[in-house]
Structures are given as structure tokens and as C-alpha cells.
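First, one chain by itself: the form predicted on its own, in C-alpha cells.
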């Protein structure tokens, strides 16, 4: 239900933003923008295990350089006790929860949410000189996976004993984000496109994985993002 509400909100905000941009961007030097995106899960990566929505705030510094702050809601992950006395199990998707909990999903308090935050620097290579309203996008920057547990461990201390993150307000995991994509600009203030997103722990691990998997790495660890954005 929460995911459906979030998707509906994103669609509504994007529709309103497109209308506003079309009305006010005529003849202006458009530098600020908002992109809304949806991404696919990775085949083997632990970063994005499900389809994820997100938003990107952008600033165009010049014709080729952009800066952005990207946020994506990654997932809900759930925990459950094997018996009233434990032990605790998880994290798992709700689809992997025991069937005895099926009717309790709306009231379930043993969970954590995962979030993705990434400040990025972009290089935009325009292809308009070739007669097409297209551009190649290259982006890179730090990336942070933020895990926020529910407050259920305050009432069930055994959960905190089993999982260290429930003793904290949040847990953050740093890494690096690399992006490669193509954008299409049907109008001056609107753009659409797709890109590959890779989130890695370090450049060394990225090089090692490429050496092991070669081009198969794209399928195993890459996330495909579809985006739509406006400039205001």
C-alpha cells in the first residue's frame, strides 16, 4: 500500500511539474530541474533487490556539466520470530515470510527501510549537432545506502540483541555510484531517458568484478533506470 501511494504521488507531482515548466520556461535559461525515475533490481547485487522509485534534483552548471542530488526508496525488509521465545529471522521480503503472518502485514512492526542517497557530477555530451535531440549522460559520485530500523526493538529487546542495527537510529553504508545513459529532449523544458546505474563498495572491487565477470557484470550488478524530468 505504501509503495502504491508513493508511486501515485510521484506521478501527480511530475504531471504538475511538466505543466508548470511548459508555462514558465519559454525563453529562459533553464538551469534547475527535477527528474523522477524508476529502477529495476540487480540480479545479484544486495543494493537494489526490488523495483525502486526515486527523484533527482539537478543544477546545470554549463552546457556539459551538471550536479545532482539523487534519492531512491530501496525497499522494506522484514523480521519475524520463529516462536514466541525466538530466535529472530530476517531480513526478508514479505513474500518470504511464513504464511501464518499473512493477515498481519498491515500491522507488522518488525521491519527496516532502506534508502539510497547519491550526490553526483554529470558530463552531458549533446548529440544535437547530428540533428537529433539526444545526449549521452555520464555520472559519478559517492553513494550512501541508509538503513532505518523501526522502533519495535524498544518493546522487543530480543530483536536488538539479535540484530545490531536495531540499537541505532540508522545505519549508513558508503560506496560509489557510476551512471551511463541516454536522454531525449522532446521539448526544451522536458527530457526523457534511460541509464545504467552501478553501485560499488570501492573502485578496487569494481575492477575485480569486471575482471571476473566481464560483460556479464552488466546483467548481474547493473540497474536500469527510466526517468522523466522537467526544467524550471
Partner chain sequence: MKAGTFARLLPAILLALPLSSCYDFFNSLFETAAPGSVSASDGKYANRIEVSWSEPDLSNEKWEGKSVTGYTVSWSAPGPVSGSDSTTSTSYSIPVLAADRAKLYVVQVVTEIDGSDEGSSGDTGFALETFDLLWYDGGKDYSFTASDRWYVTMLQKGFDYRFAFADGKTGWVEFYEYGTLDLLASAASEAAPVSEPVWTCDEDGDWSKFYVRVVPATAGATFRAGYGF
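The term rigid core refers to the maximal set of C-alpha atoms that superpose within 1.5 Å between the two forms. Note that this is a predicted model, so its numbers are computed, not measured. Positions refer to the first chain, counted from 1.
Keep in mind the form predicted together with its partner chain is missing from the figure; the text below concerns it.
88 is the sole member of 122, 78, 73, 88 with a non-hydrogen atom lying within 4.5 angstroms of its partner chain in the predicted complex. In the predicted complex, its partner chain stays beyond 4.5 Å of every heavy atom belonging to residue 131.
Interface residue remark: residue 144 is not counted as part of the site for its partner chain in the predicted complex, having no heavy atom within 4.5 Å. Although the partner is absent here, residue 93 is not a contact residue: none of its heavy atoms lies within 4.5 angstroms of its partner chain in the predicted complex. By the criterion of a heavy atom within 4.5 Å, residue 116 is excluded from the residues contacting its partner chain in the predicted complex. Within 4.5 angstroms of its partner chain in the predicted complex, the stretch 72-106 places a non-hydrogen atom from each of 81, 82, 83, 84, 85, 86, 88, 100, 101, 104, taken in sequence order. Residue displacement note: residue 161 has its CA displaced by at least 2 Å between the shown form and the other one (rigid core superposed).
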